[in-house]
Ligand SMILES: Nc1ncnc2c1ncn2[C@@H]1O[C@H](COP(=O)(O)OP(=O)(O)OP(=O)(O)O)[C@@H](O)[C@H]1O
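What follows is a single chain, given as structure tokens, in the form predicted on its own.
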Amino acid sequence: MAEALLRVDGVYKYFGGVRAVDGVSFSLGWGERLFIVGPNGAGKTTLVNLISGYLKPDRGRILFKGEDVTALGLAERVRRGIARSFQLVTVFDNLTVAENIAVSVASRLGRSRVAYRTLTSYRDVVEEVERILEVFELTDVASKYPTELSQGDRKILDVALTFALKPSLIILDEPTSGVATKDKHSVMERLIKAFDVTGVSSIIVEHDMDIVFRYARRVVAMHEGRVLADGDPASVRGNEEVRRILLGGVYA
């Protein structure tokens, strides 16, 4: 059996008397896509904070590519291949879409001190930027500034900047948050397509259950820091506890 890309092994995180993450265990394969769902306070954000290195667990281990990364900080985990994109889009509004991506690529290549206006003189940077623009369907807006983009395209750009770090695992926190309802499916379809084409693994925290059940292959449902269910969308949707706590009978 192939080694899992990520393994979360009996992880706990306490905040005072609150068990934000209470003995969570699961593994993620290479190229796998996992959605994490749960009500507010379920422990979703704390869990991805532990995986990405923003927090350290009080107990348990996190293994990545077969190595124990539990004690490693955020920067080292990024170097190992774990990257995270947040709910709030963080891009440089004074740079074009292409320039934003070029800065992220240059940072990965150790050229972060090079003036962004001169990055186009580096062929490897230019080629990588063009590839990322194509993968995320941003070529047509490459010369625009983020303030000129739709909220959906800004979200896509934010993920593209994370992807430019060449991670093996991307963690997305509510990627459709703040996106117009009519654009949510389009945004998710573009992200899923990009991940499938490149083979990158993904963990997606999402509250919109229509999005989850349409695009997920595997779902982990959490409540009060624990895993209620872990499986394909149909089995998770059919779980009695999930229906009672998370779905309220809507998908029963």
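Model, not experiment: these values are computed from the prediction. Residue numbers run from 1 along the displayed sequence.
Keep in mind that the form predicted in complex with the named molecule is missing from the display, and what follows is about it.
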Is there a heavy atom of residue 15 no more than 4.5 Å from a heavy atom of the named molecule in the predicted complex?
yes
Classify residue 43 as contacting or not contacting the named molecule in the predicted complex by the rule of any non-hydrogen atom within 4.5 angstroms, answering yes or no.
yes
Looking in the predicted complex, any heavy atom of residue 158 within 4.5 Å of the named molecule?
no
Looking at the partner-bound form in the predicted complex, is residue 20 within 4.5 Å of the named molecule by any heavy atom?
yes
Which of 61, 65, 207, 214 has a heavy atom within 4.5 Å of the named molecule in the predicted complex?
207
Please pick out the stretch from 22 to 30, 181 to 189, 45 to 53, 196 to 204 that is in contact with the named molecule in the predicted complex, where contact means heavy atoms within 4.5 Å.
45 to 53
